[in-house]
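A single chain comes next, written as structure tokens; it is the form predicted on its own.
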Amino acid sequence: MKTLLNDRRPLVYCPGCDHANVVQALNRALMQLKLSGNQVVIVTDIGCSGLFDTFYNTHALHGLHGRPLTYATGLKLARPELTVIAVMGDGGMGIGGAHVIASCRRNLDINLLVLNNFNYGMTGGQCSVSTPQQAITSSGFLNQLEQPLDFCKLAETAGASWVGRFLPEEKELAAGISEAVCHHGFSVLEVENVCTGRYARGNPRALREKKEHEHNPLFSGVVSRNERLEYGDGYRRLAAEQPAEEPFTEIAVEQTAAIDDRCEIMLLGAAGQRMNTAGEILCFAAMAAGLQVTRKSDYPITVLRGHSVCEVVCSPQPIRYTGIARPDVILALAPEGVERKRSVFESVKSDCLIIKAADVEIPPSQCRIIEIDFQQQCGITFINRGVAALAVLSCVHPVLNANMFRSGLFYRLKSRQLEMALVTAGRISSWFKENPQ
């Protein structure tokens, strides 16, 4: 194959624009490397640089502005044998700068080609992150107030292991692209090109300054201090060393449910009471009886402080709505949880069952209330109230019976935690035999 250029897509750029030279240089580089179209992916975003993927007979992905490196990263990790080339303009570099820095730090074998024409050419010549402060743009004085970014210095500082800067008419551009593609790591190759459609009109010296720049030595090549393991190689090696994940637990329907309609249970506790664990035990128990279940949790970002609320819905029928407004059962186990859901008590149904800890105040209610002093009556600590409350529930409500509860414990807990939960369940059962409700 003599070229990878798409003969049905002419290189249409503004008069005097050198982007077409970059298109040709990239094609020469790929041909020098003897790469075929099905071995290359060109990923672009928005702007003049976003036309690049249409000019070649290769794989292509055209995405959101500033995001081509995110797509390129997924492509390279999934298909490491492909040559992945992301193309961005200076506009995309500003919008997606965090992705550029992350890619530099990561060192995945992607090649980033930056077409820097110092402004948003496609949308009318507004200033970009690389616009010089003295430049005249359609953004008025805004570029005078911000320092322009040096993409190569940024890439080098952020950890890119290959960095280069070229002018579009340089003979060495194709060789530079070829070298960047061969580099096993993240490469950033910037091509400076004055936008003749928008930028050059207000900045006539820019073209001459660019020509003068040709004779200056430019950034090019491996950044030795950033050379390191390529991310994909490291990822695959470490991933292979990880222990195999445990298979999903299959829940056998071995118990019998005693409800024939939807039942909503709200666990109101505090951080450190294992409310989520209690909710999961309840879910496993319900599934062991063939019921459908949903669970939602609500807790703040703090650790061991604040409310912890768990909402569980059990039903013989499919659950279309997972919200709970008027629960059938409330387990009130800590003031934080009660305060979080105080409004629920105002609308609760009269046949609702409330199981509450003796030291927890709840709003006045006409519901059936079972109060228990977990510590004094059963020797159960604060952190075990969730499991203890489920044990109470298994003694007094059809949504959970003793066999279901036992199945839930064995599905969710292991070793020491399981032993402690069984002890807690035993103490509650003994207390209920002596104090029937």
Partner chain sequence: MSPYFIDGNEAIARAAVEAGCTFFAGYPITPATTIFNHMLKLLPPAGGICLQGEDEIASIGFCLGASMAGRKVMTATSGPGLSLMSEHISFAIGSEIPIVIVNVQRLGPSTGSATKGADGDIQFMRWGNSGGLPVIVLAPVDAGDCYRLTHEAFNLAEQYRCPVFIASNKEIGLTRESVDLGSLELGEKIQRKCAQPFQDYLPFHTADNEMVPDFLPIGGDALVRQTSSSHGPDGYLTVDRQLINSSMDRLLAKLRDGGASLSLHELDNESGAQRLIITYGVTGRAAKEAVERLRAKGVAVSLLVLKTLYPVPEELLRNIIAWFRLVIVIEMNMGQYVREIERIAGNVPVLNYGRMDGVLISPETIVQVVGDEDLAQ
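Just so we're clear, the structure is a prediction, and the values are computed from it rather than from any experiment. Numbering follows the first chain given and starts at 1.
The form predicted together with the partner chain exists for this protein as well; it is not shown, and the discussion that follows is about that form.
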item	value
Which of 141 to 149, 177 to 185, 321 to 329, 122 to 130 lines the interface with the partner chain in the model of the complex (heavy atom within 4.5 Å)	321 to 329
Candidate from 204, 74, 221, 363 lying within 4.5 Å of the partner chain in the model of the complex - any heavy atom	74
Of 368, 406, 28, 62, the one that lies within 4.5 Å of the partner chain in the model of the complex (heavy atoms)	62
Contact test in the model of the complex: residue 235 vs the partner chain, heavy atoms, 4.5 Å	yes
4.5 Å heavy atom contact, residue 196 and the partner chain in the model of the complex	no
The partner chain contact at residue 67 in the model of the complex, heavy atom, 4.5 Å	yes
Partner proximity in the model of the complex: residue 340 to the partner chain, non-hydrogen atom cutoff 4.5 Å	yes
Residues of stretch 31 to 54 in contact with the partner chain in the model of the complex (4.5 Å, non-hydrogen atom)	37, 38, 41, 53, 54
